[in-house]
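The chain that follows stands alone, in the form predicted alone, written as structure tokens.
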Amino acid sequence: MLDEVLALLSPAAKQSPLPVFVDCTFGAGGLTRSILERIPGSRVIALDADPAAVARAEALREQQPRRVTPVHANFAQLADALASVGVGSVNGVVYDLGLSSLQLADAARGFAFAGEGALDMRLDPTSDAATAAQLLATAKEGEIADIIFEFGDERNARRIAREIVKRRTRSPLRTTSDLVAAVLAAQPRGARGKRGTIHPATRTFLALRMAVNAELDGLARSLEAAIACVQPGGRIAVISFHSGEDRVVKHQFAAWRRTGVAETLTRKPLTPTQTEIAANPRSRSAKLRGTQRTRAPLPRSA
């Protein structure tokens, strides 16, 4: 959805001859490269919690040293990240939430159930945050069930949580295959193998990743920082892949509209075309929303 994102962001560039944008989720760098190529004179502050993504941003800075500023930070740390590079206000902020294909392909990160790796799931593996394995080793059965149900919308959440707790009494779940085995063992008879269904572990892995990284809370904090740093006429664009993420964005944009500090640009979220879905099946759940900052002062609570 690069074209749609650029269409939302480009008008904000007219506010300055040298517009500054923040890519809160640099990842593989696709959004940042598109901004640099299609918005003349633009500069991008590239944030990412993943050191591997920051290294890719550093490589891009070597090619365009005055236009890319990498920062190793989670998007929840947006305000501090901007302060660290001496930037007070920007023309636009963009988010492409979820995981990159590079993260999913790296079995050692523990994000994917297809390979064999440590049950880590931290976006920043250098941090001292608890891993998925540590969470599953210490959380109560009810807490695990709530995480899997609320973040993964998994109807078998209680069965899966019960199986995890039963297995951890014998041996801790340390690897992705350990978790997959627990999920499969918890499936109701006849549920596995139905045509057209996703892998039984998909929602559990998604839910644990979001819990380990506190992604919804982090997104809410980041949006609060984004509206405070965007100039009048500046824009915020968010691509989400999860109903919980989209709900956070939708409700925050609506709150800004009610207080008059921003105008919603997308009455309904933009979604990928069938051509894009055919080329990239992972994009099928993408939703893009945009908003524009007004000149109204922010409420004190914002």
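Treat the numbers as computed from the prediction; the structure is a model and nothing was measured. Start at 1 with the first residue shown and count on from there.
The protein also exists as the form predicted together with a small molecule; that form is not presented, and the subsequent description refers to it.
Using a 4.5 Å heavy atom cut-off, indicate which stretch of 132-140, 155-163, 97-105, 182-190 touches the small molecule in the predicted bound form. Selected stretch: 97-105.
Here the chain is shown alone; which of P272, G244, P269, G29 has a heavy atom within 4.5 Å of the small molecule in the predicted bound form? So the residue touching the small molecule in the predicted bound form, by this definition, is G29.
Which one, A262, I45, V248, A53, lies within 4.5 Å of the small molecule in the predicted bound form by heavy atoms? Going through each option in turn, the one that passes is A53.
Taking the small molecule as it sits in the predicted bound form, is A57 near enough to touch it, meaning that at least one heavy atom pair lies within 4.5 angstroms? No.
Heavy atom of V22 within 4.5 Å of the small molecule in the predicted bound form: Contact with the small molecule, no.
For V90, is any heavy atom within 4.5 Å of the small molecule in the predicted bound form, or not? Close contact is absent here: in the predicted bound form, V90 is far from the small molecule, nothing within 4.5 Å, heavy atoms only.
Taking heavy atoms and a 4.5 Å cut-off, does A73 contact the small molecule in the predicted bound form? Taking the distances in the predicted bound form, the answer for A73 is yes, it comes within 4.5 Å of the small molecule.
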